[in-house]
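Form predicted on its own, single chain, as structure tokens, below.
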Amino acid sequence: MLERKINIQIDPKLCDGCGLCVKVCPSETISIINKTAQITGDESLTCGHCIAICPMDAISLKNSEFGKINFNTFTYENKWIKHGNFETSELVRLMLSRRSCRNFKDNNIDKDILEDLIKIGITAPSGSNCQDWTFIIIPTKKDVANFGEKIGEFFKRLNKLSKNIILRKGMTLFGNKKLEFYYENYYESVKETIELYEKEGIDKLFHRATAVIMVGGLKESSCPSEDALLATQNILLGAHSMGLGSCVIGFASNAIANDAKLKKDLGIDKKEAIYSVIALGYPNEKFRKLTVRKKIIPRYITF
């Protein structure tokens, strides 16, 4: 069961009874009694809506676990941007400018920048405001290379299994088509990737990235995979704005999900799962214009 204990406190001397906190509270935690806001509910999402909207600064958190996000490499104005008060065109331009980077320089990324990227990640929304993200940093090019070799060992074993036609067809016969699907779609490309690395030292997995951030979450959360992917998108956009290139490595996520030894090496227990693996580094590429996307046709449904 999700924990929703109440962490807010209201100073009755400051409260003017405007009721704005009651209006925005999703958990009906607060009521106006005798012209003063009071805690009357049994639970709270600790979303902070009441704190953000109070004109008298009468509401605060009593739990030291929560606090303002302070970044190491930049500052920001602690002031809410009103709806519509940001250039949509510039936001879209940033989103379209972010591209998956597969050519990195050799420079390692400063620890403060990596930690700031995680802080950017946690500005994302999360289901029921659980905020049950977990993050693992692989901090240097050497570490990333060693991590890549561990993932390579997993895919060597998987390729060996999928090459066994009796095993593949047997599993398919019993309704499990995963190994057959892998063999048909990935076996050859994975084989080539492994051979390129072993014979020529060409890294087609992490593309010689100099850092990795893994975004995970607690499985018991409301929607941990969605939360992790929302944080991931924030990190990708933040990385671009900070001069870094990024690439989400799906093969690495898949290996971690299916390799007990990798989980042990990364300190991942049964309560946690990794949902995205982000390769990072200073880009050794410079694009000249924005790209195109597939056309999409939305469906409208009326009731």
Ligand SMILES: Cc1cc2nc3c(=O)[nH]c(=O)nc-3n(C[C@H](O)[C@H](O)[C@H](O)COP(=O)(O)O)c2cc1C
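If you're wondering where the values come from, they're calculated on a predicted model, not measured in any experiment. Each residue number is its position in the shown sequence, starting from 1.
One more form of this protein should be noted, the form predicted in complex with the ligand, which is absent from this view; the next part is about it.
Interface residue remark: F66 is not counted as part of the site for the ligand in the predicted complex, having no heavy atom within 4.5 Å. Mapping the unseen interface onto this chain, I256 falls outside it, with no heavy atom inside 4.5 Å of the ligand in the predicted complex. In the predicted complex, at least one heavy atom of H207 sits within 4.5 Å of the ligand. Although the partner is absent here, R288 lies well away from the ligand in the predicted complex, with no heavy atom inside 4.5 Å. For the candidate set K191, K105, K119, R102, a heavy atom within 4.5 Å of the ligand in the predicted complex is found for exactly one residue, namely R102. Site annotation in the predicted complex: the residue of P26, G250, G267, G243 reaching within 4.5 Å of the ligand with a heavy atom is G250.
Residues of just one listed stretch (211-219, 67-75, 108-116, 93-101) have heavy atoms within 4.5 Å of the ligand in the predicted complex: 93-101.
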